[in-house]
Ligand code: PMP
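Given as structure tokens, the chain that follows is alone and in the form predicted alone.
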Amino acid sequence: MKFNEALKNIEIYEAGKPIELVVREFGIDAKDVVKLASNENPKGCSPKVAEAIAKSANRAYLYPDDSMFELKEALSLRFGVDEKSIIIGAGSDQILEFISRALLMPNDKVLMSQVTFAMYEIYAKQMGAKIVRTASYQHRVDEFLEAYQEHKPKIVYICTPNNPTGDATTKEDVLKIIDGVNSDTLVVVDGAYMEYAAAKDEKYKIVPNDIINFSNVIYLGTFSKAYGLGGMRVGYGIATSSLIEELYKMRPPFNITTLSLVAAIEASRDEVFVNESIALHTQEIERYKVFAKEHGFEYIDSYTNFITYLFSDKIDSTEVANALLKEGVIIRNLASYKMNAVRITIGTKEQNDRLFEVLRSLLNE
């Protein structure tokens, strides 16, 4: 059987290890496993969302409202945009897939930072496109514009805050990159973690209306992080209605589930829960900064719900991640990104206590 030649150059995306795998491999009771690898909301989802899902469970046999009217209406009111400017995806990464399929041809180029969300590259390579990366993991304006002028990519990805590093790009710098790009190039501003950046520092806050007056820009958001719906897979894209209309040609019918739609609609109404989640994060992440300073390693200043620890040559990120795993603590090793670093989701106080206890013991050894 002969497969698409483009697949030869694609590495399979490795998601964070699930609790079930650790239970099977190491014989640890599920209640003793602490998962801090996938940037899920440690508070779970809003109780109002859980109640709405339970009430709607008997509707699981029905297809969802494919117009997604109520969810689009909620997003329209939240952001002050027209409903025709919104597309819903099974996670914002499905919209990334739509974008690649709609725009890219073999040998087209896409531009992104040195270290960023892996699916940008994977979806581009599926279409036979070539990847151009800047020299830094930060989204530095000069590096992006220089690479743009040299390579003339079809798509430019700006991930802010950036995953898996946690740094963010100011609105001013994002606009400079957009201004330096020709209208034939699509600029994707991925704001999956924007709620955290906006709460930390206003100059990093970007809302769709800041950028979608440009005909070649799309803003992506998700319910997976601050809203606690990672398992429901609901994301959205906001752009000019003409751009969204083209992406709709890529969208399969009923691309999110009936219960996912119920959950996202209810979640969009509960900003109190989001604010409580961010408050917990803001409090607990300070402990991670103190821990790093106490043990002599660096971290990237985070505008997300995770923190990236950078290790010296004396500490190997793979050894640390594997040793923690055997103790039932799951974090994300960034060795695959060619970084001697780990990414740790900020958990509840109890989860963080456990992480510090085990990691402190390993470092002392």
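Please read these numbers as outputs of a predicted model, since none were measured by experiment. So that there is no doubt, residue numbering starts at 1 and follows the sequence shown.
Keep in mind the form predicted together with the ligand is missing from the figure; the text below concerns it.
With the ligand left out of view, the stretch that reaches within 4.5 Å of it through heavy atoms in the model of the complex is, among 251-259, 287-295, 211-219, 115-123, 115-123.
Note on the partner interface in the model of the complex: the residue among Val181, Cys159, Ala267, Met194 having a heavy atom within 4.5 angstroms of the ligand is Cys159. For the options His281, His139, Lys154, Lys225, the one in contact with the ligand in the model of the complex, meaning a heavy atom within 4.5 Å, is Lys225.
The closest heavy atom approach of Ser100 to the ligand in the model of the complex falls outside 4.5 Å. When the ligand is considered in the model of the complex, Asp93 lines it closely, a heavy atom lying within 4.5 Å.
Looking at Asn163, you'd find a heavy atom of it within 4.5 angstroms of the ligand in the model of the complex.
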